[in-house]
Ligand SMILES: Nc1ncnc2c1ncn2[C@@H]1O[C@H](COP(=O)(O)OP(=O)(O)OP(=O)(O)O)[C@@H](O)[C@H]1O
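Next up is one chain by itself, shown in structure tokens, the form predicted alone.
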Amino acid sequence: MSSITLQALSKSYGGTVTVDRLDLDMREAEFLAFLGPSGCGKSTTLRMIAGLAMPDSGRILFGERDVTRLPPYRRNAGLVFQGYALFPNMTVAGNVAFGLQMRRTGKAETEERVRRALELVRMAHLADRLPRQLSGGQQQRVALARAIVYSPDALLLDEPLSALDAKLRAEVRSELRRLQQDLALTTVFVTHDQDEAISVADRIAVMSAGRIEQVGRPEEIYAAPASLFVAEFLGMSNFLPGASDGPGRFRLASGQVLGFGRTGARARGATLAVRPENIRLSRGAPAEAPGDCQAVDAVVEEVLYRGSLVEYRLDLGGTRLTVHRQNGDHDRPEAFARGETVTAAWRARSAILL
């Protein structure tokens, strides 16, 4: 395994800047996810780390080794693509062995390494099958085995789960996290799916327009987004327009003044963000209002049953407010009807100025 350092990394295509002077340090055995929308530069960054694209400027270090201009085969990085790229005419074992054979590894060692790699991904019993005889999840595991069979310094994953259905995606990402921890592999994971990033990564680098908007642990970024873009992209948020009205005070367009507990690193003072799960609904004043309770009146526009929760969509004088209330066997949430006027309340400390 190896740490990975990106220093002022830049890449342009046809005059369009795709990655713009990107700096990032990835620790040994860390699982880091690049998260962002299509076209933000995350896949281009991964391709430069892999050696499949050359940067226009900047450096890439694996540990102390400068690999910026080295071809892919000299970087010792395992790569898994979105489409798996398995050889259809080779068995599972043959696909996994291919990289070792290209390195002229001895037959006995190759067989042993292939056996161990397939056992790690729980595919040893299907070693003699062809890719067309496998499910999507099984093909993904074979691609992972092929990437780790020669003990790479880093594992690079480019949207590896996007071709799977939701249930299988959750199962394979759990297996991927287990494998990464068992092998202590430095892993770079590119995804546009926030649930994937949150569930597997030690840290997330949120990208937009070729730059990193914020990097940190999932819980840090979720609880304290640095910008409006991050708050919009990671999780669901309510955005209340208005203006800063002094320290810890925010004035809505209606004139009502609310408190807030935190300020984003790139706040411009025009939007207050509140997560749907932090809002409580009541008829009239909140029954147990905390000392820093903020409350607004709103009208229920929609009620959506979503299994584990009920989603209420409220009209706050022309602004949409979404509230999530958990379902369960105990303490079932009180039901509110469409068209009903309710009070939405939250603690000021859970609101952030962006």
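Just count from 1 along the sequence shown to find any residue number. What you see is a predicted model, and the numbers here were worked out from it, not measured in a lab.
We do not show the form predicted in complex with the ligand, though everything after this point is about it.
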The unique member of E159, E175, E277, D153 whose heavy atoms fall within 4.5 Å of the ligand in the model of the complex: E159
Which listed residue (R113, R75, R169, H192) meets the criterion of a heavy atom within 4.5 Å of the ligand in the model of the complex? H192
Does any part of V67 reach within 4.5 Å of the ligand in the model of the complex? Heavy atoms only, please. no
Do T44 and the ligand come within 4.5 Å of each other in the model of the complex, heavy atoms counted? yes
Contact of L314 with the ligand in the model of the complex (heavy atom, 4.5 Å): no
Classify G63 as contacting or not contacting the ligand in the model of the complex by the rule of any non-hydrogen atom within 4.5 angstroms, answering yes or no. no
Which of 304-312, 320-328, 35-43, 54-62 has heavy atoms within 4.5 Å of the ligand in the model of the complex? 35-43
Within 3-25, the residues that have a heavy atom no more than 4.5 Å from the ligand in the model of the complex: Y13, T18
